[in-house]
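Next up is one chain by itself, shown in structure tokens, the form predicted on its own.
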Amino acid sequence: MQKYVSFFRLRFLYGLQYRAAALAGIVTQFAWGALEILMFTAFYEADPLAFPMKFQDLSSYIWMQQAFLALYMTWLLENEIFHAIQKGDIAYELCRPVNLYNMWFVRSIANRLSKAILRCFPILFIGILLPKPYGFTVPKDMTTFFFFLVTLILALIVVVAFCMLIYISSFYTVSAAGIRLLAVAMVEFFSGAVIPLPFFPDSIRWVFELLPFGSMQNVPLRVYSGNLQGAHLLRAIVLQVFWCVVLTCGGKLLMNKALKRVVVQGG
């Protein structure tokens, strides 16, 4: 266990060094969040009662989405891992007395956390200074905040476990670029990254919520904004736990199967 804690610490400290990149990300994400809110303002001014979320709740949803984007963006993949598989450098990784899946999993979580910590506080601070209903608001009570933290962690595990499947696909293909593009597009649409899932018709929204993508950013952001409560919240947490187990176990099985067939040429 200690070795994985060391991997986590090293990767986390490594990620904290890129402050200039974080500053650029803060500016970009703040601008993107503001544009999204302005776009939804136009729709809400036409008929505010036609939407499933209050505009203030939607504003909090968008600012939280931008603040914690690094935790949930599936396009944040480590090229080092793809290169290690494609170029044969994975031979060095296999010499280490560690479980390769666990090591990459811990590295990915540390990488995302370091980026999120650098970016979230400035975005939330600016967001909370904005006037209502365009700004970010604090949670309604401590219970909501507690369930937000729980679902935030579970969503992060689901995202990383899904990204592990993309890494593992490199063992079975000449290039994972196609799978990578397809997977990112699917996650962006089905997880509520582009349009929050409550805005979809009920006839298809329940299907989206059952998919693993629906257990990613959709759950914690809706919990924080007060759109997911009671029995629906408990059902969402159970689904998150289910996808955590399924994706992690599936990834480990595929990884073990791939490593048995790995052939590294050259010397």
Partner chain sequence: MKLYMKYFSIQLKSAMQYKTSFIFMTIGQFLLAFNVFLGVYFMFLLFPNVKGYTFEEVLLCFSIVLIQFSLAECFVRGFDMFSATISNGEFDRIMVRPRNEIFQVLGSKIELTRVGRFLQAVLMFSYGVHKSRIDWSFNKVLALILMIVGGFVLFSSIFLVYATLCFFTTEGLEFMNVLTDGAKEYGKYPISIYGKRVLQFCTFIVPFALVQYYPLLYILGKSTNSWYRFLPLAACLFLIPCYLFWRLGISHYKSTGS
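Bear in mind that the values here come from a model prediction, so they are computed numbers and not experimental data. Positions refer to the first chain, counted from 1.
The form predicted in complex with the partner chain is left out here; the points below concern that form.
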If you check in the predicted bound form, is Gly25 within 4.5 Å of the partner chain, heavy atoms only?
yes
Is it the case that Val98, even though its partner is missing from this view, gets within 4.5 Å of the partner chain in the predicted bound form, heavy atoms only?
no
Indicate whether the partner chain has at least one heavy atom within 4.5 Å of a heavy atom of Glu36 in the predicted bound form.
yes
Does Leu13 reach the partner chain in the predicted bound form, with heavy atoms at most 4.5 Å apart?
no
Site check Met1, Asp141 and Phe147: each within 4.5 Å of the partner chain in the predicted bound form by heavy atom
no
Heavy atom within 4.5 Å of the partner chain in the predicted bound form - the one residue of Ile128, Ile117, Ile195, Ile153 that qualifies:
Ile195
Tell me which stretch of 77-85, 155-163, 183-191, 90-98 has a heavy atom within 4.5 angstroms of the partner chain in the predicted bound form.
183-191
If we check the partner chain in the predicted bound form, which of the residues in 41-73 reach within 4.5 angstroms of it by a non-hydrogen atom?
Ala42, Phe43, Glu45, Ala46, Asp47, Ala50, Phe51, Pro52
